[in-house]
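Okay, so here's just one chain, in structure tokens, the form predicted alone.
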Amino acid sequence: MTGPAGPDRCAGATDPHDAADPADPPSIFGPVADWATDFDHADPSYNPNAHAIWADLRQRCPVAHTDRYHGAWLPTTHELVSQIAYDTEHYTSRSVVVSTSTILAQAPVGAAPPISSDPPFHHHARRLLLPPFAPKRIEPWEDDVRALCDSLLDEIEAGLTDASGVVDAATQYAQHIPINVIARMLGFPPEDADTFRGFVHDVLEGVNVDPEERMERFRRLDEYIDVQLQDHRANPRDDLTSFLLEATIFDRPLTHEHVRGSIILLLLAGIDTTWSAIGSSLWHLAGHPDDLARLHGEPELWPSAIEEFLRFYAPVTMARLVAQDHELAGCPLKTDEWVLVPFPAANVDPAAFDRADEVLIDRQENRHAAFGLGIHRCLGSNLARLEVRVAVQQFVARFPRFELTDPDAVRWSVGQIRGPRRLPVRIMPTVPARRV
């Protein structure tokens, strides 16, 4: 099975049927002229056509360039993505979202440690957060996640009064799961879910707005986090926020900016990446009834299927800033230019994976990079895997048969996190078993 844009499609052309939400504003830089020389990850046609764009670029220009965002590069092979991810000499992580913002954060701490931190500080900032996300700390969340999924599915099922049986698997299901979990882990009010969704859009999708507007959006986010920190200082409890407020590095408490930045990382990364992975997995199964049927008939395939969905629909593209002038595959990279690190493109590189452009739910060897490579490999991968696995399994168990109502009605995100934002599916009645 091929993905949303098979490798035989022309990457340079925009298929109107694959466009993102018409309500999404186009890039302030205008439409893309050529993905090799003028790419824009915030162009509404990028994420719906990403697989085709990467396949085309690997053939004719494996390291694309754009003058947008003060200059940015886009490598598309597994080899180059891996090379950059492990190279902390030529690339700095002090900012990881390509946008119109002026980057004020300084190395080695950055604005959102540890993902924005460089060695040697990175080691200490990351080690601090490893215990709360260790397998033994995450495993007890499985029952809570399952109960949450069942509650959401109860609401969906109760609302299936319309003869059409149509639900939005993204907005009614996938988007609620990580928001609830990360809010509880941080000790934030779950009723602020809509606020969190707004922050995700502002920070991770609104990358191509006027710099002053983007700064104002960050101010709103900072102010919200500061209110939560003030409340936790006055009322400590057993959650991640209080954990960070009590933590030390080099025998000193973390700075307010460090705590706030780490919480912003956990809040945004813990929400958008996971709901995107859940949504993409359900998108695949809605469009591939053969795989859906296999999972019902061969439940032992679930572990390999989840890993394959993570490989093929990996949601996260990171970014680095060039730390010093150097060449990458013959391309002259200049200090402070952006470099996107598209782990999803690396995952579908035929040089790295057999039948890379197909979803094989029984794939046995699958050393994918969905959670990144190098020192910044996702520290929340145990939680993300649990949420994706439980969410997809529970949906499939509750609704054994479902299909896309209209492939053209699916709307994809913009920016560095890729996943469906609207996913209308039709819940189909199950076929009653025959009496013998």
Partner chain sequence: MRVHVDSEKCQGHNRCYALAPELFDVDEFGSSVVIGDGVVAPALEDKARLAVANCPEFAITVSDDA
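Residue numbers count along the first chain shown, from 1. Everything numeric here is computed off the predicted structure, so don't read it as measured data.
Not on display, but discussed next: the form predicted in complex with the partner chain.
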query = Is every one of Pro131, Lys136 and Glu307 in contact with the partner chain in the predicted complex, taking contact as a heavy atom within 4.5 Å?
reply = yes
As a check of understanding, the residue in Ile28, Ala409, Ala397, Ile375 with any heavy atom within 4.5 Å of the partner chain in the predicted complex should be identified as Ile375
Of Gln364, Ser151, Gln106, Thr102, the only residue with a heavy atom within 4.5 Å of the partner chain in the predicted complex is Gln364
Determine whether any heavy atom of Arg385 comes within 4.5 Å of a heavy atom of the partner chain in the predicted complex, and answer yes or no. yes
Please determine whether Arg126 contacts the partner chain in the predicted complex, using a 4.5 Å cut-off between heavy atoms. yes
Wondering, does His368 line up within 4.5 Å of the partner chain in the predicted complex on heavy atoms? yes
Testing 66-74, 37-45, 377-385, 50-58 against the partner chain in the predicted complex with a 4.5 Å heavy atom criterion leaves exactly one stretch, namely 377-385
